[in-house]
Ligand code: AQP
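Next up is one chain by itself, shown in structure tokens, the form predicted alone.
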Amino acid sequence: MNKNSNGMKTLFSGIKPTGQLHLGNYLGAIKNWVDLQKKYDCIYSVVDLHALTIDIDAATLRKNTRELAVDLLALGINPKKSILCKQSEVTGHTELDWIFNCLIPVAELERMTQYKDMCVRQPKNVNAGLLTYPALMAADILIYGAEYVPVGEDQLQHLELTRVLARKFNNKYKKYFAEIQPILSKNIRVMSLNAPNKKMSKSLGETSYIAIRDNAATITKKIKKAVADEAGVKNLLELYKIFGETTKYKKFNRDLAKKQLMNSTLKDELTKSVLKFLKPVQKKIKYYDAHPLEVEKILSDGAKKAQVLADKNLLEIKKLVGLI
């Protein structure tokens, strides 16, 4: 069911449009997505329905969704190799979500770590969507018959619930859904520039991260002001290892061991390397931002392709459940 005519199996992943994409997002997920296009039939979705669980206005959601799609294209998601679409433009996600909501006990959803964390983070907006978020996430994956999902270790609990829901459905109706297999992202944990003991995150403020869309002056300023204690230097070196030159990276490590490393030199070289990496990316961003109709067509075409897959599976699912 899940192997396509080209012999490759289906992989799904989604990303929520809640703000600017930064280097932590790229290294922790998107870089892996780009590489996976060679091995799987990939469906990548901007999961705008999930974004409604936070306090976000309509204009911001539209802007974030458009910019995120552009950033993904600029970073290497290829619509000729993969399906790129908006979650809300493919009916079936929410229909399968409702079926799953009627299968999963509330107690299992209440145990989810992310639900507990979000209740603390937004105590004035503990909406039902936060609780049922994992059921929609499971529907996102299983509506396409996907068997593989790239995840970080912090997402394994949600993926396990997807596996649980698939088993519950298979046991109640008929074995239809395949066992979901996680593809663990390489353990690239990018730390905050201003709090190097914490993961790079938008929640820590703009000086915490380097956004994909940051201009040269902003990037230079952020790196220059980055914390340079022991943990901070380690973080800067890790970033330089990825974006910089191998020879210089080794020298920086030798200098550090001898306590001769000049933090200003490391920061200058890291700035040059990050700017070099981002230059062609931002050139593509500029192009897509100037051609919004082209981006809309890519998303629309992606949604049409995704809809065909979703419709095929939903027809069978509805028959099994008794809706048709």
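It should be emphasised that the depicted structure is a prediction, and the values quoted were computed from it without experimental measurement. Residue numbers run from 1 along the displayed sequence.
This next part talks about the form predicted together with adenosine-5'-tetraphosphate, which is not shown.
K.L.:
Might Met200 be said to contact adenosine-5'-tetraphosphate in the model of the complex, defining contact as any heavy atom within 4.5 Å?
P.N.:
Yes, Met200 lies within 4.5 Å of adenosine-5'-tetraphosphate in the model of the complex.
K.L.:
Is there any non-hydrogen atom of Ala29 lying within 4.5 Å of adenosine-5'-tetraphosphate in the model of the complex?
P.N.:
So Ala29 counts as contacting adenosine-5'-tetraphosphate.
K.L.:
Indicate whether adenosine-5'-tetraphosphate has at least one heavy atom within 4.5 Å of a heavy atom of Ala303 in the model of the complex.
P.N.:
Although adenosine-5'-tetraphosphate is absent here, Ala303 would stay clear of it in the model of the complex, with no heavy atoms inside 4.5 Å.
K.L.:
Is there a heavy atom of Asp154 lying 4.5 Å or less from a heavy atom of adenosine-5'-tetraphosphate in the model of the complex?
P.N.:
Flag for Asp154 set to yes.
K.L.:
Which one, 172-180, 219-227, 101-109, 154-162, holds residues whose non-hydrogen atoms are within 4.5 Å of adenosine-5'-tetraphosphate in the model of the complex?
P.N.:
One stretch meets the cut-off, namely 154-162.
K.L.:
Heavy atom within 4.5 Å of adenosine-5'-tetraphosphate in the model of the complex: which of Lys241, Arg189, Lys116, Lys248?
P.N.:
Exactly one listed residue reaches within 4.5 Å, namely Arg189.
K.L.:
Could you list the residues in 17-38 that come within 4.5 Å of adenosine-5'-tetraphosphate in the model of the complex, counting only heavy atoms and keeping sequence order?
P.N.:
Sequence-ordered list: Thr18, His22, Gly24, Asn25, Gly28, Ala29.
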